[in-house]
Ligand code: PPE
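This document starts with one chain, in the form predicted on its own, laid out as C-alpha coordinates.
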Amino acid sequence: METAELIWQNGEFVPWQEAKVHVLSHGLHYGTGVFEGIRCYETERGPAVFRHREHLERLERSAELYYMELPYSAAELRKATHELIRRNGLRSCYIRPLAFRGYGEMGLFAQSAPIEVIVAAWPWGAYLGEDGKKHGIRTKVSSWRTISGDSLIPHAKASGQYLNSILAKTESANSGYDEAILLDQHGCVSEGSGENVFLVRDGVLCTPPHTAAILDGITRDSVVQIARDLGYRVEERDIARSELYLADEMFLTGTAAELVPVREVDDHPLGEPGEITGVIQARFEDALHGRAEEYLEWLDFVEVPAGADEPSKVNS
(Lines give C-alpha, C1' and ligand atoms only; values in the text may rest on other atoms or scores of the structure.)
Protein backbone atom coordinates (compact mmCIF):
# COMPACT_ATOMS: atom_id res chain seq x y z
CA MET A 1 0.00 0.00 0.00
CA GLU A 2 1.01 3.60 -0.47
CA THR A 3 2.20 5.31 2.69
CA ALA A 4 2.14 8.83 4.08
CA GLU A 5 4.57 10.56 6.41
CA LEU A 6 2.58 10.68 9.64
CA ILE A 7 -0.14 8.87 11.59
CA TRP A 8 -2.08 10.40 14.47
CA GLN A 9 -1.82 8.01 17.43
CA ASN A 10 -3.30 8.66 20.87
CA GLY A 11 -3.03 12.42 20.55
CA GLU A 12 0.37 12.65 18.85
CA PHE A 13 1.63 12.75 15.28
CA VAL A 14 4.18 9.99 14.80
CA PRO A 15 6.17 8.84 11.75
CA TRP A 16 4.32 6.21 9.72
CA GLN A 17 6.84 3.44 10.42
CA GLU A 18 6.83 4.15 14.17
CA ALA A 19 3.07 3.84 14.72
CA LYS A 20 3.10 0.53 16.65
CA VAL A 21 1.14 -1.36 19.30
CA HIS A 22 2.01 -4.10 21.79
CA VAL A 23 1.62 -7.69 20.56
CA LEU A 24 -0.60 -8.42 23.57
CA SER A 25 -3.08 -5.68 22.69
CA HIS A 26 -6.59 -6.92 23.39
CA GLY A 27 -7.91 -5.89 19.97
CA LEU A 28 -5.29 -8.01 18.21
CA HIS A 29 -6.42 -11.13 20.07
CA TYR A 30 -10.18 -10.66 20.22
CA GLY A 31 -11.08 -8.15 17.50
CA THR A 32 -12.26 -5.58 20.05
CA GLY A 33 -12.04 -2.53 17.86
CA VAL A 34 -14.28 -0.23 15.86
CA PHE A 35 -13.32 1.78 12.82
CA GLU A 36 -14.44 3.93 9.93
CA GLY A 37 -13.53 4.26 6.27
CA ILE A 38 -13.70 7.89 5.13
CA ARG A 39 -12.56 9.67 1.99
CA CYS A 40 -11.21 13.13 1.31
CA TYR A 41 -11.58 14.50 -2.23
CA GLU A 42 -9.96 17.29 -4.17
CA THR A 43 -12.40 20.11 -4.96
CA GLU A 44 -12.12 23.62 -6.36
CA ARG A 45 -12.06 24.85 -2.75
CA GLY A 46 -9.34 22.41 -1.73
CA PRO A 47 -9.48 19.03 0.05
CA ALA A 48 -12.87 18.09 1.50
CA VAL A 49 -13.80 15.13 3.69
CA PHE A 50 -17.05 13.53 2.58
CA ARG A 51 -19.70 13.30 5.31
CA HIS A 52 -17.08 13.52 8.02
CA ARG A 53 -19.50 14.23 10.85
CA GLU A 54 -21.70 11.23 10.04
CA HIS A 55 -18.69 8.91 9.94
CA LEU A 56 -17.38 10.09 13.30
CA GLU A 57 -20.84 9.84 14.84
CA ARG A 58 -21.08 6.23 13.60
CA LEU A 59 -17.66 5.53 15.11
CA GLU A 60 -18.98 6.78 18.45
CA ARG A 61 -22.12 4.63 18.14
CA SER A 62 -20.11 1.54 17.23
CA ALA A 63 -17.86 2.07 20.25
CA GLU A 64 -20.83 2.52 22.58
CA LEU A 65 -22.47 -0.66 21.29
CA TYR A 66 -19.35 -2.60 22.30
CA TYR A 67 -18.98 -0.88 25.68
CA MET A 68 -15.95 1.15 24.65
CA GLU A 69 -15.65 4.69 25.96
CA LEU A 70 -13.66 6.72 23.46
CA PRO A 71 -11.04 8.98 25.08
CA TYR A 72 -11.47 11.57 22.32
CA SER A 73 -14.58 13.39 21.17
CA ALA A 74 -15.77 13.53 17.56
CA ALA A 75 -14.68 17.19 17.47
CA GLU A 76 -11.17 16.26 18.62
CA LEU A 77 -10.92 13.48 16.02
CA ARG A 78 -12.14 15.84 13.30
CA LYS A 79 -9.48 18.39 14.25
CA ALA A 80 -6.77 15.70 14.33
CA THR A 81 -7.84 14.42 10.91
CA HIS A 82 -7.70 17.88 9.34
CA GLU A 83 -4.23 18.45 10.78
CA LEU A 84 -3.08 15.01 9.61
CA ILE A 85 -4.20 15.74 6.05
CA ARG A 86 -2.37 19.07 6.15
CA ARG A 87 0.84 17.66 7.61
CA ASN A 88 0.88 14.80 5.10
CA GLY A 89 0.36 17.24 2.22
CA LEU A 90 -2.62 15.26 0.90
CA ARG A 91 -5.21 16.65 -1.49
CA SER A 92 -7.27 13.47 -1.71
CA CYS A 93 -6.95 10.37 0.44
CA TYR A 94 -8.56 7.49 2.30
CA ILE A 95 -8.92 8.02 6.05
CA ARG A 96 -9.00 5.25 8.65
CA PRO A 97 -9.93 6.11 12.26
CA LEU A 98 -9.60 3.09 14.53
CA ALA A 99 -10.32 2.65 18.24
CA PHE A 100 -9.37 -0.59 19.96
CA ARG A 101 -8.69 -2.11 23.34
CA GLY A 102 -4.96 -2.01 23.84
CA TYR A 103 -2.40 -3.65 26.12
CA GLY A 104 -3.15 -3.99 29.82
CA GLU A 105 -5.49 -6.91 30.43
CA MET A 106 -6.23 -10.24 28.75
CA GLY A 107 -9.43 -12.27 28.89
CA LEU A 108 -12.87 -11.64 27.44
CA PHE A 109 -14.03 -9.16 30.07
CA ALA A 110 -11.16 -6.70 30.01
CA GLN A 111 -12.72 -3.38 30.88
CA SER A 112 -9.44 -2.03 32.25
CA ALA A 113 -7.63 -2.47 28.93
CA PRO A 114 -7.04 1.09 27.64
CA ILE A 115 -8.84 2.34 24.56
CA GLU A 116 -6.27 3.40 21.97
CA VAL A 117 -7.19 5.56 18.99
CA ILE A 118 -5.40 6.17 15.71
CA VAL A 119 -6.20 8.09 12.54
CA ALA A 120 -4.31 7.25 9.35
CA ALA A 121 -4.64 8.88 5.94
CA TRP A 122 -3.02 7.83 2.69
CA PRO A 123 -3.59 7.86 -1.09
CA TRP A 124 -5.83 4.97 -2.16
CA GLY A 125 -7.71 4.65 -5.42
CA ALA A 126 -11.06 2.98 -6.07
CA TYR A 127 -11.23 -0.27 -4.06
CA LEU A 128 -12.62 -2.32 -6.95
CA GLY A 129 -10.67 -0.48 -9.64
CA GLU A 130 -11.39 2.39 -12.00
CA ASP A 131 -12.28 -0.07 -14.78
CA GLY A 132 -14.85 -1.63 -12.46
CA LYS A 133 -16.40 1.78 -11.78
CA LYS A 134 -16.69 2.36 -15.52
CA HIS A 135 -17.67 -1.04 -16.91
CA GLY A 136 -18.94 -2.97 -13.90
CA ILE A 137 -17.70 -5.95 -11.90
CA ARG A 138 -18.42 -9.67 -11.68
CA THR A 139 -19.94 -10.90 -8.42
CA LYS A 140 -20.67 -14.22 -6.76
CA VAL A 141 -23.27 -15.02 -4.13
CA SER A 142 -21.24 -16.40 -1.25
CA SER A 143 -21.86 -19.68 0.53
CA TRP A 144 -21.19 -17.74 3.74
CA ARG A 145 -24.17 -15.95 5.28
CA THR A 146 -23.76 -12.48 6.75
CA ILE A 147 -23.60 -12.21 10.54
CA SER A 148 -26.95 -12.26 12.26
CA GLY A 149 -28.19 -9.68 14.72
CA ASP A 150 -28.80 -12.63 17.04
CA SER A 151 -25.03 -13.17 17.32
CA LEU A 152 -23.29 -9.84 16.78
CA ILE A 153 -24.28 -6.26 15.95
CA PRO A 154 -24.43 -5.67 12.17
CA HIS A 155 -25.00 -1.93 12.66
CA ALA A 156 -21.62 -1.59 14.40
CA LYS A 157 -18.54 -1.27 12.22
CA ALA A 158 -16.48 -3.54 14.44
CA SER A 159 -13.10 -5.04 13.59
CA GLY A 160 -13.76 -8.67 14.53
CA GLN A 161 -16.98 -8.83 12.54
CA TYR A 162 -15.04 -8.45 9.29
CA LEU A 163 -13.79 -12.02 9.51
CA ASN A 164 -17.19 -12.81 8.01
CA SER A 165 -16.46 -10.51 5.07
CA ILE A 166 -12.95 -11.92 4.65
CA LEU A 167 -14.35 -15.43 4.24
CA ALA A 168 -16.81 -14.27 1.59
CA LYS A 169 -14.31 -12.06 -0.23
CA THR A 170 -11.66 -14.79 -0.31
CA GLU A 171 -14.15 -17.33 -1.62
CA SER A 172 -15.25 -15.03 -4.45
CA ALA A 173 -11.68 -14.02 -5.36
CA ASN A 174 -10.50 -17.64 -5.41
CA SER A 175 -13.36 -18.42 -7.79
CA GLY A 176 -12.34 -15.62 -10.17
CA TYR A 177 -14.90 -12.96 -9.22
CA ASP A 178 -14.38 -9.36 -8.19
CA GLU A 179 -16.72 -9.30 -5.19
CA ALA A 180 -19.03 -11.39 -3.03
CA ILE A 181 -22.71 -10.90 -2.26
CA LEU A 182 -23.86 -12.25 1.11
CA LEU A 183 -27.36 -13.41 2.01
CA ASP A 184 -28.84 -12.96 5.47
CA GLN A 185 -29.96 -15.75 7.80
CA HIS A 186 -33.33 -15.92 5.99
CA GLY A 187 -31.79 -16.24 2.53
CA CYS A 188 -32.51 -12.68 1.44
CA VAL A 189 -29.87 -10.40 -0.07
CA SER A 190 -27.89 -8.58 2.62
CA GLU A 191 -24.76 -6.80 1.33
CA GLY A 192 -21.39 -7.17 -0.36
CA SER A 193 -18.28 -8.03 1.62
CA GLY A 194 -17.73 -4.31 2.14
CA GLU A 195 -20.56 -2.58 0.29
CA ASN A 196 -24.31 -2.09 0.25
CA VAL A 197 -26.39 -3.51 -2.62
CA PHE A 198 -28.76 -1.73 -5.00
CA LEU A 199 -30.69 -3.06 -7.97
CA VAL A 200 -33.08 -1.59 -10.50
CA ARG A 201 -36.26 -3.40 -11.56
CA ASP A 202 -38.85 -1.76 -13.80
CA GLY A 203 -37.42 1.67 -13.08
CA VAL A 204 -37.55 1.26 -9.29
CA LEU A 205 -34.36 1.38 -7.22
CA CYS A 206 -34.38 -1.34 -4.53
CA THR A 207 -32.00 -1.93 -1.62
CA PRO A 208 -32.10 -4.35 1.35
CA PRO A 209 -33.55 -2.95 4.60
CA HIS A 210 -31.82 -2.61 7.96
CA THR A 211 -33.47 -5.88 9.06
CA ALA A 212 -31.36 -7.74 6.46
CA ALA A 213 -28.30 -7.45 8.76
CA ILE A 214 -26.72 -4.64 6.75
CA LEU A 215 -24.30 -2.00 7.90
CA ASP A 216 -26.04 1.37 7.87
CA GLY A 217 -23.89 2.66 5.04
CA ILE A 218 -23.25 6.39 4.79
CA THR A 219 -22.65 6.10 1.05
CA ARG A 220 -25.88 4.09 0.86
CA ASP A 221 -27.74 6.90 2.60
CA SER A 222 -26.20 9.45 0.24
CA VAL A 223 -27.20 7.48 -2.85
CA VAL A 224 -30.77 7.00 -1.58
CA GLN A 225 -31.11 10.76 -1.11
CA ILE A 226 -29.56 11.55 -4.50
CA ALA A 227 -31.82 9.03 -6.26
CA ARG A 228 -34.94 10.47 -4.64
CA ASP A 229 -33.81 14.01 -5.45
CA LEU A 230 -33.48 12.91 -9.07
CA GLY A 231 -37.06 11.69 -9.01
CA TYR A 232 -36.47 7.94 -8.80
CA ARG A 233 -38.62 5.73 -6.62
CA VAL A 234 -36.56 3.99 -3.93
CA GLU A 235 -37.75 0.93 -2.03
CA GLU A 236 -36.01 -0.53 1.01
CA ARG A 237 -37.29 -4.10 1.08
CA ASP A 238 -36.31 -7.75 1.25
CA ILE A 239 -34.70 -8.90 -2.00
CA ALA A 240 -34.68 -12.54 -3.08
CA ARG A 241 -31.49 -14.02 -4.49
CA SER A 242 -33.15 -14.67 -7.85
CA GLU A 243 -33.97 -10.97 -8.19
CA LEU A 244 -30.26 -10.31 -8.60
CA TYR A 245 -30.30 -12.36 -11.80
CA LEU A 246 -33.47 -10.66 -13.04
CA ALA A 247 -32.33 -7.11 -12.28
CA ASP A 248 -32.29 -4.56 -15.06
CA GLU A 249 -29.34 -2.87 -13.36
CA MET A 250 -27.30 -3.41 -10.22
CA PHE A 251 -24.59 -1.57 -8.33
CA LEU A 252 -22.72 -1.57 -5.01
CA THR A 253 -21.91 1.39 -2.78
CA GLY A 254 -19.32 1.99 -0.07
CA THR A 255 -16.70 4.52 0.92
CA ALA A 256 -13.81 2.43 -0.42
CA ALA A 257 -15.65 1.21 -3.53
CA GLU A 258 -17.64 4.44 -4.05
CA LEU A 259 -20.40 3.50 -6.56
CA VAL A 260 -19.50 0.54 -8.73
CA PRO A 261 -21.87 -1.10 -11.25
CA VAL A 262 -22.34 -4.87 -11.36
CA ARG A 263 -22.33 -6.49 -14.79
CA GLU A 264 -22.63 -10.14 -13.73
CA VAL A 265 -23.95 -12.19 -10.80
CA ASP A 266 -23.20 -15.93 -10.57
CA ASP A 267 -22.43 -15.97 -14.33
CA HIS A 268 -25.80 -14.35 -15.11
CA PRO A 269 -24.95 -11.33 -17.30
CA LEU A 270 -26.60 -8.01 -16.50
CA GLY A 271 -24.73 -6.12 -19.21
CA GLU A 272 -22.91 -2.82 -19.19
CA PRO A 273 -23.93 -0.23 -16.59
CA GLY A 274 -27.48 0.96 -17.20
CA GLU A 275 -28.94 4.42 -17.61
CA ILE A 276 -30.21 4.87 -14.05
CA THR A 277 -26.92 3.65 -12.60
CA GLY A 278 -25.04 6.09 -14.82
CA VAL A 279 -27.20 9.07 -13.88
CA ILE A 280 -26.92 8.38 -10.13
CA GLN A 281 -23.19 7.64 -10.36
CA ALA A 282 -22.52 10.92 -12.17
CA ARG A 283 -24.49 12.92 -9.61
CA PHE A 284 -22.74 11.13 -6.76
CA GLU A 285 -19.34 11.98 -8.26
CA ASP A 286 -20.45 15.62 -8.50
CA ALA A 287 -21.36 15.54 -4.80
CA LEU A 288 -17.99 14.04 -3.84
CA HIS A 289 -16.01 16.68 -5.69
CA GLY A 290 -18.06 19.72 -4.71
CA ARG A 291 -19.72 20.22 -8.08
CA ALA A 292 -23.27 19.84 -6.75
CA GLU A 293 -24.38 22.91 -4.82
CA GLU A 294 -27.20 21.13 -3.01
CA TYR A 295 -24.81 18.59 -1.46
CA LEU A 296 -22.05 20.95 -0.34
CA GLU A 297 -23.25 20.44 3.24
CA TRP A 298 -21.85 16.91 3.00
CA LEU A 299 -18.30 18.25 2.54
CA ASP A 300 -16.00 19.13 5.43
CA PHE A 301 -13.40 21.40 3.84
CA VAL A 302 -9.82 21.23 5.08
CA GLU A 303 -8.10 24.58 5.30
CA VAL A 304 -4.67 24.32 3.70
CA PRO A 305 -2.26 27.27 4.00
CA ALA A 306 -1.36 28.90 0.70
CA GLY A 307 1.74 27.34 -0.80
CA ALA A 308 1.56 24.26 1.43
CA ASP A 309 2.39 21.71 -1.25
CA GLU A 310 4.78 19.57 0.75
CA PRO A 311 4.08 17.68 4.01
CA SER A 312 5.62 19.30 7.05
CA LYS A 313 8.07 17.39 9.23
CA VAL A 314 7.10 16.04 12.61
CA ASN A 315 8.60 17.99 15.46
CA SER A 316 11.60 16.24 17.00
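Everything numeric in this text was worked out from a predicted model, so none of it was measured. The first residue of the shown sequence is 1; numbering continues from there.
Not on display, but discussed next: the form predicted in complex with the ligand.
Interface residue remark: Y232 is not counted as part of the site for the ligand in the predicted bound form, having no heavy atom within 4.5 Å.
Contact annotation: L215 falls within 4.5 Å of the ligand in the predicted bound form, judged by heavy atom distances.
At the 4.5 Å threshold, heavy atoms of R78 stay clear of the ligand in the predicted bound form, well away from it. By the criterion of a heavy atom within 4.5 Å, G194 is counted among the residues contacting the ligand in the predicted bound form. Checking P47, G254, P261, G27 against the ligand in the predicted bound form, a heavy atom within 4.5 Å turns up for just one residue: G254. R220 is the sole member of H82, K140, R220, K133 with a non-hydrogen atom within 4.5 Å of the ligand in the predicted bound form.
Segments offered: 262-270, 53-61, 287-295, 243-251. Contacting the ligand in the predicted bound form at heavy atom distances within 4.5 Å is 53-61. In sequence order, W124, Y127 are the residues of 106-140 having a heavy atom within 4.5 Å of the ligand in the predicted bound form; the partner itself is omitted from this view.
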